[in-house]
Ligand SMILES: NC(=O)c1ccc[n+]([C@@H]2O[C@H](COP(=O)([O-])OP(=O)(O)OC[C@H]3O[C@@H](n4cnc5c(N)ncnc54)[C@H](OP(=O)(O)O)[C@@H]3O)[C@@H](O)[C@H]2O)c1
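As a starting point, one isolated chain is supplied in structure tokens, in the form predicted alone.
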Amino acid sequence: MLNNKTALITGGSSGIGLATAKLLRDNGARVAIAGRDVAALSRARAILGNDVLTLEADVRSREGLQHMAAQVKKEFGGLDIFFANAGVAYTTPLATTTEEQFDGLMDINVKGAFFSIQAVEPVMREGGSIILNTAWLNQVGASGRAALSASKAAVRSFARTLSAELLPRRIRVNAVSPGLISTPILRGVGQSEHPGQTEEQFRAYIQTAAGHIPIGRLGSAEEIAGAVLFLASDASSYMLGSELVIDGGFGQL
């Protein structure tokens, strides 16, 4: 499906990013993953194989992102697929959220997405595909998640506006919108709602959360990866500025 295509995934060393890297690789793409944790990148490479390019990059650094793009250009010659997946998630109650917490969310989720696309666009081939990672939070009003939801709504907007801007180069920009997915990032959300909770309490939080999802369970990273594969491939050639919601009906029913 992706033979002779090249792909780059930020936040590619775990969770949705890692599952997507594996699926794109299994479907014929040459894959690069980027992240800021060197040890996590090493573990991911052990899982994915030595033919996967691993790049140390922090999406908060514009200079670092430009270096990342230059490395991809050097190794791959150009880029066909970019999955802007890097992000953080924690609750942001109005009364207690600090400026540092607010800036941390926006720096990674919003600025990181914008400047990573700015960095890779020059090395992308015409007709390429950019996929953004939003969240179910941009569709509902969830108490205690104002800043987090706003950051994801901004990324949803990027899918539309950047599609329009990159249309002359036939680069499509779309988004995947995951619901509650069983990945390491979910622990940060659960722990921040109940600081100091035990493993047993965290499992109880997951069970309660699953009870609110119409389909009755959390999603898997592989289910999101499948949607990314679709948007990365020619099967979605008539889609741009769109968002695929994969949330078990959480924000829909």
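Start at 1 and count along the sequence shown; that's the residue number. Keep in mind it's a predicted model, so treat the numbers as computed, not measured.
Separately, the form predicted together with the ligand exists; it is not shown, and the next lines address it.
Engineer: Under a 4.5 Å heavy atom criterion, is residue 59 part of the interface with the ligand in the predicted bound form?
Structural biologist: Yes, residue 59 sits close enough to the ligand in the predicted bound form that at least one of its heavy atoms falls within 4.5 Å.
Engineer: Looking in the predicted bound form, any heavy atom of residue 16 within 4.5 Å of the ligand?
Structural biologist: Yes, contact at 4.5 Å.
Engineer: Looking in the predicted bound form, any heavy atom of residue 120 within 4.5 Å of the ligand?
Structural biologist: So residue 120 does not count as contacting the ligand.
Engineer: Answer yes if any heavy atom of residue 213 is within 4.5 Å of a heavy atom of the ligand in the predicted bound form; otherwise answer no.
Structural biologist: No.
Engineer: Choose from 120 to 128, 163 to 171, 178 to 186, 72 to 80 the stretch whose residues reach within 4.5 Å of the ligand in the predicted bound form, heavy atoms counted.
Structural biologist: After filtering at 4.5 Å, what remains is 178 to 186.
Engineer: Would you say all of 11, 37 and 135 touch the ligand in the predicted bound form, counting a heavy atom within 4.5 Å as a touch?
Structural biologist: Affirmative, all three are within 4.5 Å.
Engineer: Identify which of 159, 146, 88, 154 has a heavy atom within 4.5 Å of the ligand in the predicted bound form; exactly one of them does.
Structural biologist: Contact with the ligand in the predicted bound form is made by 88 alone.
Engineer: Within 91 to 110, which residues come within 4.5 Å of the ligand in the predicted bound form, counting heavy atoms only?
Structural biologist: Sequence-ordered list has one entry, 108.
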